[in-house]
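Provided below as structure tokens are two forms of one protein chain, presented individually as structure 1 and structure 2.
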Structure 1
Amino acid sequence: MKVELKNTTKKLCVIGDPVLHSKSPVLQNAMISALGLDYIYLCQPIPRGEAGRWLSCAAYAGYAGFNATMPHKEELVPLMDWLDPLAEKCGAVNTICIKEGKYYGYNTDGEGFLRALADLGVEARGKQVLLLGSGGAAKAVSAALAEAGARVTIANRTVQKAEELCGMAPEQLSAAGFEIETLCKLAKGSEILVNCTSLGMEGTGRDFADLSFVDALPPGAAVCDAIYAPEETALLYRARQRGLPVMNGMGMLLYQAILALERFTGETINVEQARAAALAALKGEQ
């Protein structure tokens, strides 16, 4: 893929820790090229706790904006000059636009997840969901699912953090622990399982010690992982072996990237054109 760089080219990037595995530069640069936009998208590793320093550096270096992944989505929230309603509600941002020295925070993860879920042929409304984790992605996805009419149980090692998330929509969100017995019990009544933890993510060296809760899911339950590297986590492999419909994080990444590019550029993006370009670029990498 050829990426052109001119003196007028505006810079964008993704920050995270880890982040070198990120497919965002491939996706975004492919879409930018296909749509004829004068931008370039880079990858910038930023250690945990250093997002504040990065903000001033990004503004000084002339960045038009950036995306944030783990673990910066929550750390950046109090540093924003303005937040969109979903970002304010869930307390996490993944898209930051820099304009005239001010920082504008958005969250496109939730809508991106719902669009990917629709591609899987699953509607959230009326469904019972078991969501694992309480970080930035979990906040956005649980908020979006609640707004879509799902009932969500958020399971987390620190139950207090899960309980704090439930304050976003107390009538539709509930909290639980992360013990295997608890997960198995909850899985029996769940129609959708969503992993928003980093367990199984490439480069972390961490994974689920026990996946028996997947076996407790009812037939036909959808299993979704916010992780896209590796393409198939141990969680998704276990679910696929059971014949359950599965979805990794690539669809969510793709749709949130399209929504983010609209925020960065102020342009209305042709979704089909952008999606086709991004998927072709990913295929070319394989």
Structure 2
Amino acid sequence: MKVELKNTTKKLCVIGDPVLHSKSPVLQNAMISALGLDYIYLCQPIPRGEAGRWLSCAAYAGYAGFNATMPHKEELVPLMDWLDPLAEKCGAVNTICIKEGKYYGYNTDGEGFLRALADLGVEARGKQVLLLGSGGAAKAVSAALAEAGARVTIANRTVQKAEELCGMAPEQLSAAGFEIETLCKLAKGSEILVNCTSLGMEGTGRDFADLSFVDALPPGAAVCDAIYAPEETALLYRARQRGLPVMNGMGMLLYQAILALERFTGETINVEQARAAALAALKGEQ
């Protein structure tokens, strides 16, 4: 991939700690190049606790914006001049635009998930969702699902963390434990199941010990995994064997990046073109 640098080229980056593993530079530069945008996207390690200092550096160095990953998503929130409603609701930003010295914070993770869900032909409004996990991904996805009009039960190993997430939208979110009996009972009444735990993720060596809750889902229930590596987790395999509609985390990853690029550039991105370029770049990396 070739990115042409000019004196007018605007800078973007991803910050995190650690961040060198991030797929964002590959995805964003592929989309930037394919769409002919005058931007360059870099990778910037920023240590925990230093996001505030980075903000003023970024503005001074002329960055148009940046993405934030662990552990900066929450720390940046009080430093923003403006927050989009989802970022405000979940108390985390992943996309920051810098305009005339002011900081505009967005969270595109949850909307990215909803867009991918829509591609699967599933609408969230009015649905009963069983969401597993209470970390960063769970927070963004459950806030977006609640905003879209779904009712969500958040089941997590540490129930207290699930209870804390419910504070984002108490009327639509409820908390539960992670015991297999609880998951089976909840699955029976759920139209969508979303895994936002790291169980099944490549390189962790950890997976669900018991997937019988997948068999308890009603016919036609959609099964989603935030994980994109591997392409098909054991959870998705089990659901596919049952003939249920499934989706992995790749759609969410691509859409959150496309939405971020739209915020940075202020342009409507051609989704098909951006998606094709990003997928080809990811494939080339493997």
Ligand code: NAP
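Residue numbering: sequential along structure 1, first residue numbered 1. All figures in this text were calculated on a predicted structure; none of them were measured in a lab.
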Which structure would you label as the form predicted on its own, 1 or 2?
1
Which of these, A162, A150, Y255, M168, is at the hinge when you compare the rigid parts of the chain between the two structures?
Y255
Using C-alpha superpositions, by what angle in degrees does the smaller rigid part rotate between the two structures?
24
